[in-house]
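The form predicted on its own is given below as one chain in structure tokens.
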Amino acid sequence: MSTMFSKIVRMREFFILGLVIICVVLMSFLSPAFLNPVNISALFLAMSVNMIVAVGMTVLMVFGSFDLSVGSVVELSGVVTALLILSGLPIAVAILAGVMSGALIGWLNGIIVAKIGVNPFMTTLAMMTLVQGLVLIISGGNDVSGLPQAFANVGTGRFLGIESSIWIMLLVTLIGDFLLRRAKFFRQYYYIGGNEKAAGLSGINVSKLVIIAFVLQGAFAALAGILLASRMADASLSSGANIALPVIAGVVIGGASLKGGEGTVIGAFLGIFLMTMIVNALNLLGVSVNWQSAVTGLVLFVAIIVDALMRRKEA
């Protein structure tokens, strides 16, 4: 029993959950509005886009990779879906096409990384720029507006008083965590992250799994972009700006290692929640926007140091 407890305590999720609880208790005293249901709903809504993207990013980081092009895919999927809806296509078909556009970008990233052997950093950085240009071309350099209310309802409709974007985020998170923890297929990513050569020698098709992971990341980023466009009733050309780094930061805070082999979707959820909560708290406390990036960066810096110390102790 004591051994099991010690393992639980060492889990990164336990550590981050402790931080979240401390922050919640502290903020409940500093700002009475923090625990207001309206603010809690706004907090979950604010993290929904990043968290959906983080599910795919967690899979990538588990085997030692990442994707910098997710922000551009968020923008692309929103624009593609919006333009198709305005052209008269059924909303469901347009959404499917939007998701497929993201999956296609992910497939290209995967092919370049797995088959050609280009570094993920260079691959996804170049893809980010390419997709940004593509978005400008197909949109004519303008946001796509005038979307019907039926499409807006996809991301803003309510069930039990909670917006659909939040429900979708929770569903994707729970399914993603279950599959990564329990499904034999997805467990192979941990083997690849632990030792890619050994994984290949054991019969794991590394290239195939890498491509699938990038396709999933592209699809999740596209889904997030479509939900964001739905909520705003507008496909903005800057909707995906500055998404990649906060998502990667949240996944790392949640326990993923940049070297691969570690990470969970629930850990990523806690990491994204913690970062979103800090920004929310700073807003409630009236802290200048100029300080928010610095404070968020400090939290990430401390988390990385603590993580390094914990891993060193375990070793």
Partner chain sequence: MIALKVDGVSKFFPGVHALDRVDFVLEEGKVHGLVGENGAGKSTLFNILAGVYRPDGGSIEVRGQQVAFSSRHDAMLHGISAVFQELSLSPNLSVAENIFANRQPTNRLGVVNKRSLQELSAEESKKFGSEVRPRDLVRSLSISDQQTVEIMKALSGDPYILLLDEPTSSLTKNRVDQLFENIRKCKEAGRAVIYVSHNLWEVFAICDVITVLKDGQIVATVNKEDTNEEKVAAMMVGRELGNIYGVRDNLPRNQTALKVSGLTGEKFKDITFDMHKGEILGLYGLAGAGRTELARAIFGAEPLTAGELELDGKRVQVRSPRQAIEAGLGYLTEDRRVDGLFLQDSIRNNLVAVKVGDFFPKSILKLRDFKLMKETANNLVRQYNVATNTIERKVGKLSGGNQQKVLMARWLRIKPRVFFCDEPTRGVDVGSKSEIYSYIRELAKEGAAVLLISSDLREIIGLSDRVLVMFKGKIAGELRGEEKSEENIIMYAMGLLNRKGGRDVDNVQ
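All of these numbers come straight from a predicted model, not from anything done at the bench. Positions refer to the first chain, counted from 1.
Same protein, other form: the form predicted together with its partner chain, not shown, and the subject of what follows.
Novice: Answer with yes or no whether Phe151 is in contact with its partner chain in the model of the complex, where contact means some heavy atom within 4.5 Å.
Specialist: Contact check for Phe151: no, nothing within 4.5 Å of its partner chain in the model of the complex.
Novice: So in the model of the complex, is its partner chain close enough to Ala199 to count as touching (4.5 Å, heavy atoms)?
Specialist: Looking in the model of the complex, residue contacts with its partner chain include Ala199, since a heavy atom lies within 4.5 Å.
Novice: Answer yes if any heavy atom of Gly146 is within 4.5 Å of a heavy atom of its partner chain in the model of the complex; otherwise answer no.
Specialist: Contact with its partner chain, no.
Novice: Lys115 near its partner chain in the model of the complex, any heavy atom under 4.5 Å?
Specialist: Contact check for Lys115: no, nothing within 4.5 Å of its partner chain in the model of the complex.
Novice: Considering its partner chain in the model of the complex, which of Ala97, Leu179, Ile111, Leu104 comes within 4.5 Å of it through any heavy atom?
Specialist: Contact residue from the list: Leu179.
Novice: Among Asn142, Ser238, Asn205, Asn119, which has any heavy atom within 4.5 Å of its partner chain in the model of the complex?
Specialist: Selected residue: Asn205.
Novice: Which among 130-138, 225-233, 161-169, 186-194 is in contact with its partner chain in the model of the complex, heavy atoms within 4.5 angstroms?
Specialist: Selected range: 186-194.
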